[in-house]
Ligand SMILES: Cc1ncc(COP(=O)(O)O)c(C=O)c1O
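Starting off, we have a lone chain in the form predicted on its own, written out as structure tokens.
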Amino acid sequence: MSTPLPLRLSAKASRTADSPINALIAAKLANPDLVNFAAGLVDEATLPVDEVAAITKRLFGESRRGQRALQYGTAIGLRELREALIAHLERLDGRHVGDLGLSADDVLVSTGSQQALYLIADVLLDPGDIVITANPSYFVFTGALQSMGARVLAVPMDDEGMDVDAVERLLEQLQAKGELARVKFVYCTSFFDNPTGLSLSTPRRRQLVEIVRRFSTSHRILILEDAAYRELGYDGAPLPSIKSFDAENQFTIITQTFSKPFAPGIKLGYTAMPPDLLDQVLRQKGSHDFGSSNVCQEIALETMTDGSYVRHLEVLKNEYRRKRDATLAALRANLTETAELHWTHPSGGIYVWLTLPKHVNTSREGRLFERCVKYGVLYVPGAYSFHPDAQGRTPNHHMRLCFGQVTFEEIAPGIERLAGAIKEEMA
């Protein structure tokens, strides 16, 4: 059989790298006994099987509604669901109806929030355009940005989240170089972020909106607020969304999901955005899928109206709080926090970010990673979440731990294995 001629791929395809998470999943499959702190998945044991079984029985017990669920829908999504989602967003921000400057016509239902993120970037970006984000940040989306040819410029973050003063300084530098017109949006995971578990503080939320408004001279610079983990808060008062500081609905986009607070198999996200952006996103979405699954939207609507969403969320929060506490307790029991070795103490979400002395290499190619696999524990190398600096360097002494899918019983022995490998590497 002759060797086939090479394919002529697009420039975009050549810019799209394989997600590093695939190699981590393959490592887990090769050794089912690994304690997997790498996969950012939800707790399978808490998935709402009984609730969804009851909902689907009701849904298909009504002939007319069952027919609607099995028919094509609209690109923007089921109107009743979008109305319920607007009311939900208002409750989360503690606002009265309409105070957010939004209506159901400003909300898009997507096939997971990842689709919405991708479509927004696809509509806004040309090769060479600039997106500002934090270091570290959600590497799956920033990988998609790079495949579109975007220049991803990163600013530092601390315990209060993205350094918005650094965003302002960066915009000033770009303005001085005549590149401000290429800046399209600031990407911010605002609640219990992936990978650190940290949240943007309330003063910084307000300040970030003020900054993009001030630098929007020839065009609007937007804030894309990824709030996937917003509802998984365990301690303290709830934070307002960045969106809540943009009552005119001009400068901000907020995207949320059913995956983390309910069930990823529903595969639905929802996004509120300025109407002129929504028009363009809908054109692209219509070319993608003619609209997200009507069956899934009907199930999601039922969860919002029959109370099962709220009830299940409380179950999730209690279980994840328990796992978070067990993870932090196991770290304290096995490692000593110092200026060089420390970890985040998140008040929500499913991630803990561990920082080691700079001489300890946590990369996929490093000895520590191989040692951990040998000991039966897996983590995400922190370098995946960083953007290179001006010299092309990324830090190699961090790791992301996710306690989402790990069983409660696995946490203590898993952290003990991890700590043992770390101590050996440090020695």
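Because the structure is predicted, anything quoted here is derived from the model rather than measured. Note that residue numbering follows the sequence shown and begins at 1.
Below, we refer to the form predicted together with this ligand, which is not included among the displayed structures.
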Open item on the list: Under a 4.5 angstroms heavy atom criterion, identify the one residue in D226, E231, E298, D246 near this ligand in the predicted complex.
Closed with: D226
Task: in the predicted complex, the residue from T303, T252, T189, T327 that sits within 4.5 Å of this ligand by heavy atoms - done: T189
Open item on the list: For the interface check, one of 231-239, 260-268, 173-181, 337-345 should have non-hydrogen atoms within 4.5 Å of this ligand in the predicted complex; which one?
Closed with: 260-268
Task: Contact flag, S308 vs this ligand in the predicted complex, heavy atom cut 4.5 Å - done: no
Open item on the list: Whether Q114 contacts this ligand in the predicted complex should be assessed with a 4.5 Å heavy atom distance threshold; does it?
Closed with: yes
Open item on the list: At 4.5 Å between heavy atoms, is Y138 in contact with this ligand in the predicted complex?
Closed with: yes
Open item on the list: Considering non-hydrogen atoms and a 4.5 Å limit, does this ligand approach N194 in the predicted complex?
Closed with: yes
